[in-house]
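First, one chain by itself in structure tokens, the form predicted alone.
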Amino acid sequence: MAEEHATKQFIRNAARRLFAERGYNAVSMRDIAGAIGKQPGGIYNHFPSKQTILVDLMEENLTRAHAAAIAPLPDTDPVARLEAFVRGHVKHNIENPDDIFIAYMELRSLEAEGAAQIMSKRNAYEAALRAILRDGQKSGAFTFADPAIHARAILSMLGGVTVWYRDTGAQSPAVVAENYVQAVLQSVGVPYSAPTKGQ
């Protein structure tokens, strides 16, 4: 069982790298098998199709994003929740650039069933951010016009970090995240205060 789990993870890792490098349509099951030193038949024992691998990768990414940005949200005021969401989301994106690239660029490659499955999870993720924004709007802490539009604008901004961020750059992931926290807070009309040491 452990060996089967390990093989599935090898397949995921190889497919993730190849999809990010070449694009989904340019990668075959034979390419994925070759990347881990197996015959194509060995791949089909774990994933019935290349489409199944793509859906699996996107679903796994969304699960990890939820764990990073939504599950740990404090049960406090909307400002603290929004800050925590942004920090978690940016950290996840920086740590998983290939997954983020695939999540955005290969939505078009999903077939109907997989697309419905992934969009349902993406919508649930976005709904968590909208809930924070609505709570802040109702309390008077946030100022903006429409929670749904503003949530999408924030997610678009945060998603862009993988386009330019490099781990060889001058700024650490924590510093980058704080810059995004400041930008997001300013977008909802909240002054930014840097966290004290130890937070």
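For the two forms, the rigid core is made up of the largest set of C-alpha atoms that agree within 1.5 Å on superposition. All of these numbers come straight from a predicted model, not from anything done at the bench. Don't overthink the numbering: it's just position in the shown sequence, from 1.
There is another form of the same protein, the form predicted in complex with the DNA; it is not shown, and what comes next is about it.
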item: Contact residue in the model of the complex, chosen from L62, V161, M29, A151 - any heavy atom within 4.5 Å of the DNA; value: M29
item: Contact assignment for the DNA in the model of the complex, among N45, T143, S139, S172, heavy atom within 4.5 Å; value: N45
item: Partner-proximal stretch of 152-160, 62-70, 35-43, 129-137 relative to the DNA in the model of the complex, 4.5 angstroms, heavy atom; value: 35-43
item: T7, heavy atom within 4.5 angstroms of the DNA in the model of the complex; value: yes
item: Yes/no, R130 Cα shift of 2 Å or more between the shown form and the other one with rigid core fixed; value: no
item: Did G41 shift 2 Å or more between the shown form and the other one, C-alpha, core superposed; value: yes
